[in-house]
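What follows is one chain in structure tokens, specifically the form predicted alone.
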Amino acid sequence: MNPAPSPSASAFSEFSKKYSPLVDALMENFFMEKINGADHPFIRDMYAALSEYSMRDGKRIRPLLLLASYEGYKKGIRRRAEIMKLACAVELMHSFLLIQDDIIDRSPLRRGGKSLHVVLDEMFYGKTHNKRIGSDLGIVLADVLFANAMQLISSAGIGSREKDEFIRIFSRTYEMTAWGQILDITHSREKRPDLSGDWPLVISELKTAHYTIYYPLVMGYVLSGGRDDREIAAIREFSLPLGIAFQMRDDILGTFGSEKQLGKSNDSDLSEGKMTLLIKYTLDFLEGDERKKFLSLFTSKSKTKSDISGMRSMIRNSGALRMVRARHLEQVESSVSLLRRLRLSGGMKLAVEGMIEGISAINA
């Protein structure tokens, strides 16, 4: 018999059940308006592909954190329908980044279905000599999602002061994420991995912690009317270890999890030669011929299933997996402690604590 969920896990589950369908319904209605109002059939077809990709099942963590922050800091909830548009814009930007990520990683799967560039390749198969048409179209359709997000933001009926502040933070969010993505690209498929710095942690902070945890919470805070720099600093202090824990969990599952858990292959991180904390610790811990062997496999341009299986065993046997699990737990415990300092209402603080419990669980 499974144990009963904790009060915090139940609080987050109830919050998610209440708001995730509202975010999805708003997105679905937005895409239907785009499809029905398309000036040309090809625009209708492209929006249908975007809609299917963006509407796939997901955790909706970023819009949920924005909404939890807004409700937790607001005294008397108003304009919730308008704030939902902004939460939806944040989720569209998540799809925007996933499309780019799939193209960069050459990943064929996302959220249990084909990646958008693969869908587009199949749509135009045999109609062109362009072998990269799916990737070419995916890049442009990601830009369409960015335009859609800006349309939703401009349509939100909120005060100009709050909207200006939201746009400032919104812009900063995706600039920081881009710097993290650039570092991720330059530290993948390296011929000679740069082990001189803590690049995996820098990438995790820029690419994941800011965009997944910190900025959604700050967006909700400023939309509630909050302007206290000390509270924003406290949100940041809480968010960064949690975001890094989120990435550590993702890295562990991306190497040792199942395809069902991930919605994509668990070979991709190793196949692409991504410099995760698992890899850095493995190279730190291994010595002599074992280290040379692992480094040769990791930097190989192409890897067989046997190569990847061997790398998994070496990561596990080196103690790197155990070390990342321990550091993941440290980051989670730090964020739980720092959550208490935030001036969120009790109910929303409990819901956020429930989300932390989800990040703390690694079934791999």
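These numbers come from a predicted model, not from an experiment. Position 1 is the first residue in the sequence shown; the rest follow in order.
The form predicted in complex with another copy of the chain exists for this protein as well; it is not shown, and the discussion that follows is about that form.
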Next item on the list: Quick one: find which of 78 to 86, 184 to 192, 247 to 255, 218 to 226 has residues within 4.5 Å of another copy of the chain in the predicted bound form by heavy atom distance.
Entry: 184 to 192
Checklist line | Selected contact from Met150, Ala234, Leu283, Leu109, since only one has a non-hydrogen atom within 4.5 angstroms of another copy of the chain in the predicted bound form | finding: Met150
Next item on the list: Tell me, yes or no, whether Gln100 is in contact with another copy of the chain in the predicted bound form, where a contact means a heavy atom of each within 4.5 Å.
Entry: yes
Note to self: Residue-level contact is defined here as any heavy atom of the residue lying within 4.5 Å of another copy of the chain in the predicted bound form; does His328 satisfy this criterion?
What the structure shows: no
Notebook entry, point to check: Can Lys301 be called a contact residue for another copy of the chain in the predicted bound form at 4.5 Å between heavy atoms?
Noted result: yes
Checklist line | Partner proximity in the predicted bound form: Arg60 to another copy of the chain, non-hydrogen atom cutoff 4.5 Å | finding: no
Margin query: Each of Lys18, Lys114 and Val119 within 4.5 Å of another copy of the chain in the predicted bound form, by any heavy atom, yes or no?
Written below: no
Next item on the list: Output the sequence-ordered list of residues from 140 to 154 with at least one heavy atom within 4.5 Å of another copy of the chain in the predicted bound form.
Entry: Val140, Leu141, Asp143, Val144, Phe146, Ala147, Asn148, Met150, Gln151, Ile153, Ser154
